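Taking the form predicted alone, here's one chain by itself in structure tokens.
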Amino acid sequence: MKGNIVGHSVPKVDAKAKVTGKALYATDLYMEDMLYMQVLRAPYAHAVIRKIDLAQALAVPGIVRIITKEDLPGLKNHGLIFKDQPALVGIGEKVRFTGDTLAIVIGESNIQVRKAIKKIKVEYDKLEVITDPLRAMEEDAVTIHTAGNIVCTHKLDKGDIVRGFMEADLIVYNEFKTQHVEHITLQPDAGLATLEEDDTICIWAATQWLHDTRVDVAQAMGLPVEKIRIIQPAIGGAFGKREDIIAQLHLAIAVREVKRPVKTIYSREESIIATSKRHPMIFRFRTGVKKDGTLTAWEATVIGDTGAYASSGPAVVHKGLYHCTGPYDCPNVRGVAYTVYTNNTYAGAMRGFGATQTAFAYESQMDIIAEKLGINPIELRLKNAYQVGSTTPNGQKLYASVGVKETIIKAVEAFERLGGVIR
């Protein structure tokens, strides 16, 4: 669009196709001779697979192929930062959450496929299930991954934290917790794959990181990247979850084995069980403040539950630590963040990317400090808000575009115009 668009209504380029029903989502795609795929997911969050019996499932009419890890010994793990997530869990290996996949079932119809999945017999040795990251960090906790339950640790150090607390008239300690949050995209998770004459695998599936998905599928399957082609249909919501591989790798495996078009559509239940969530986090804040409300020290411990696999966890939890003081200037900051494996559904990117959870914690801390000091919470924020020249906890100096104080003032004015009262 030419000219100045700020402050003007900008047409949404795909709006007409969506409101008229012409936009094609992955669920809308169909091809002749197409097969249907669903996967068998583990019923236990932590267990070793001892036996997989496919005999009864293979006898179901219309079943074309059932693929397990034993059929693909060269299959590698995938993942955004660490390659720690298996596409299939095989005999003698561990499932780490109830979304892990044991078998890919392909058939002529979804009804036949679902019937076959129910007839697969699996023997498990159950292990301790860890849903609390604090338990996962204990020395005697069972290890979810061989390298240990702490994925990574990040630290933060600005100024002199000891001096900062010595200068404080009041020290406030609190712990805050956030929970898992599901993205609930309007569009179901779905995809379709075909195998071209030159053995290129074409995958139609919604993704936020098209090129990263392509590379990750190729490396997991041991294929040249040019043999994987991702085609982006319309997307009915993403919010971070579609940064992760969802159905793309299973579709690629299936189409290479059966050499016919393969389609899958997740149920809402399956999406909630098997796809990434917003990270639950624990924040432990110790804040030093003078009687007039000036912040002198801020100490933070952040513990992020990344679930069974790392996904974006190391980056999300790291960012949560970097935002531990929010938009408030504190000269002395020290912090540590732990990204921790549990047997929960893996957590990944979601809008705010770690800053959202942290905002709940630091704003709650500021409200508590204001109450203890008997200071208006708006005045406390304005007194400590970033301005040009402020330095963030990770040492970034703010040279321009710092509108925190103006934003607070405008928000208060709007609130009061509606009859609100801030005490």
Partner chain sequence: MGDNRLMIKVTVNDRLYELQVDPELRLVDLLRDELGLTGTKEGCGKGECGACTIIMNGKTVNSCMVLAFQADGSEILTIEGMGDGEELHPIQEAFIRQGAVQCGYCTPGMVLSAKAILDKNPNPSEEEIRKGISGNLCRCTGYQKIVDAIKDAAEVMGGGGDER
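Numbering follows the first chain given and starts at 1. Small disclaimer: the values here were computed from a predicted structure and weren't measured.
From this point on, the text means the form predicted in complex with the partner chain, which you will not see here.
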Stretch from 292 to 300, 141 to 149, 69 to 77, 229 to 237 whose residues place a heavy atom within 4.5 Å of the partner chain in the predicted bound form: 229 to 237
Sole residue of Arg268, Lys121, Arg163, Lys83 within 4.5 Å of the partner chain in the predicted bound form, by heavy atom: Arg268
Does at least one non-hydrogen atom of His183 fall within 4.5 angstroms of the partner chain in the predicted bound form? yes
Can you tell me whether Ala337 touches the partner chain? I mean in the predicted bound form, with a 4.5 angstroms heavy atom cut-off. no
4.5 Å heavy atom contact, Asn384 and the partner chain in the predicted bound form: no
Just to confirm, Pro188 within 4.5 Å of the partner chain in the predicted bound form by heavy atoms? yes
Under the 4.5 Å heavy atom criterion, name the residues of 10 to 40 that approach the partner chain in the predicted bound form, in sequence order. Pro11, Lys12, Asp14, Ala15, Lys16, Lys18, Val19, Thr20, Gly21, Lys22, Ala23, Leu24, Tyr25, Thr27, Asp28, Tyr30
